[in-house]
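The chain below stands alone and is given as structure tokens, in the form predicted on its own.
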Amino acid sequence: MQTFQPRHFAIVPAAGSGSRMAASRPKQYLPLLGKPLIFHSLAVLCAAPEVDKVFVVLSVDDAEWRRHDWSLLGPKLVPLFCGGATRADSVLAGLRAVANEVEPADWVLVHDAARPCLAPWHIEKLIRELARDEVGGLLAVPVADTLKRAGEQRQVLATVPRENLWQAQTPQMFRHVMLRRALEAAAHVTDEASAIEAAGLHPRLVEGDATNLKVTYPLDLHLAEWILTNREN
């Protein structure tokens, strides 16, 4: 009797505007080493032998996507014009859109469109360490800096102990049916792990590294360029 072998699919929510970048176009399309910022992580996901398809969830009225050539990424890449107002809305819309070609127990890796420095070893480690996990989990790094809790006027109210604190990254990897149900029940979350936690489950932390940074502010683009350039060299 043949046992079920779950497949791996990626969903990249990219319907946001990236307002904190103060740019004239959505953050995912800002230029980085001659390509749109989102191109770099999509390229890594599409090249990963463990990943069967990569679904990028765009806003319904996204006109920028068609202005770029994505053919180099091959047939794994599938755009879905069904994004919502929030990240959770977009991920859930993507999960619903692909339900007919993804089995309930297949794994879904959700990755930030604004994390262009994703590396092949990040994906390989995440999939390897979560292969037999009942819940799933996420890449993360232990908090190294001293943390301060601020008041309304930015005065320090308290120092927060950093022991056992981790900074969440992506990809975050969960079973299709589990993640869909969790997001349907907890729509107001900032990442997928939070939805799984709200369902009473405990995602596993898989240690990543600081190079998998999220581009949030203009300076981050320069850091991402430095990481990608030096990684290639």
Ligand SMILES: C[C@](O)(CO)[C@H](O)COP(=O)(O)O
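Note that residue numbering begins at 1 and tracks the sequence as displayed. In this text, all values refer to a predicted model and were calculated from it rather than measured experimentally.
Absent from the display: the form predicted in complex with this ligand. The rest refers to it.
- Using a 4.5 angstroms threshold between heavy atoms, A168 counts as touching this ligand in the model of the complex.
- At a distance threshold of 4.5 angstroms between non-hydrogen atoms, H122 is out of contact with this ligand in the model of the complex.
- Using a 4.5 angstroms limit between non-hydrogen atoms, D52 is distant from this ligand in the model of the complex.
- Looking at D62, you'd find every heavy atom of it more than 4.5 angstroms from this ligand in the model of the complex.
- Shown here without its partner, the chain carries H8, N100 and R175, none of which come within 4.5 Å of this ligand in the model of the complex through any heavy atom.
- In short, of 152 to 160, 122 to 130, 108 to 116, 68 to 76 it is 108 to 116 that has heavy atoms within 4.5 Å of this ligand in the model of the complex.
- Of all the residues from 129 to 159, none has a non-hydrogen atom no more than 4.5 Å from this ligand in the model of the complex.
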